[in-house]
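In the form predicted on its own, a lone chain appears below as structure tokens.
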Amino acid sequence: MKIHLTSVFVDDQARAERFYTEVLGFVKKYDVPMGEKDRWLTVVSPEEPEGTELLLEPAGHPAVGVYRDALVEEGIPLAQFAVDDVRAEYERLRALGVRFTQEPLEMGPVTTAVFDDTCGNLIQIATKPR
């Protein structure tokens, strides 16, 4: 068994597509219309084009807002992405205007930082434990 797809709920898929591709650097994999306004929109890492897909899922269901608001209020990230160097990625993303809610923080063998994805979520970047 392996993880094939996971998702983040987004307020606006067009804005999410721009942020996740142009700012974070992911690559669009699937973009399939689903009804009048929603899309099956996934991105992948350019380093692993056949790897786990991230679905940028519309946040239209009433339960999503309550769930996401509670996570953001508590400062809890919805997802985590692995990077080689958190401090370098933190500086790169800050230069692109990304707002961080947690600066790089060393926690034992792991360094993490948390940013606002502009789509209603907090996302954590982290190094893999060594």
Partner chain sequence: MPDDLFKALADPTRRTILDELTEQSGQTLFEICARLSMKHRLGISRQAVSQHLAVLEAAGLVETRREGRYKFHDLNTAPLRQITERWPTHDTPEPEERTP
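Residue numbers count along the first chain shown, from 1. In this text, all values refer to a predicted model and were calculated from it rather than measured experimentally.
The next section is about a form of this same protein that is not shown, the form predicted in complex with the partner chain.
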Fill in the blank from the handout: If we test each of Glu91, Glu50, Glu74, Asp84 for a heavy atom within 4.5 Å of the partner chain in the predicted bound form, the one that passes is Glu74
Exercise for the section: Check whether Leu105 has any heavy atom within 4.5 Å of a heavy atom of the partner chain in the predicted bound form, and answer yes or no. Expected result: yes
Exercise for the section: Consider Thr6 of the chain shown here, and say whether it contacts the partner chain in the predicted bound form, taking contact as heavy atoms within 4.5 Å. Expected result: no
Practice task
Examine Arg99 and determine whether its closest non-hydrogen atom to the partner chain in the predicted bound form is within 4.5 angstroms.
Solution key: yes
Problem - Distance check, Gln124 to the partner chain in the predicted bound form, heavy atom within 4.5 Å - result: yes
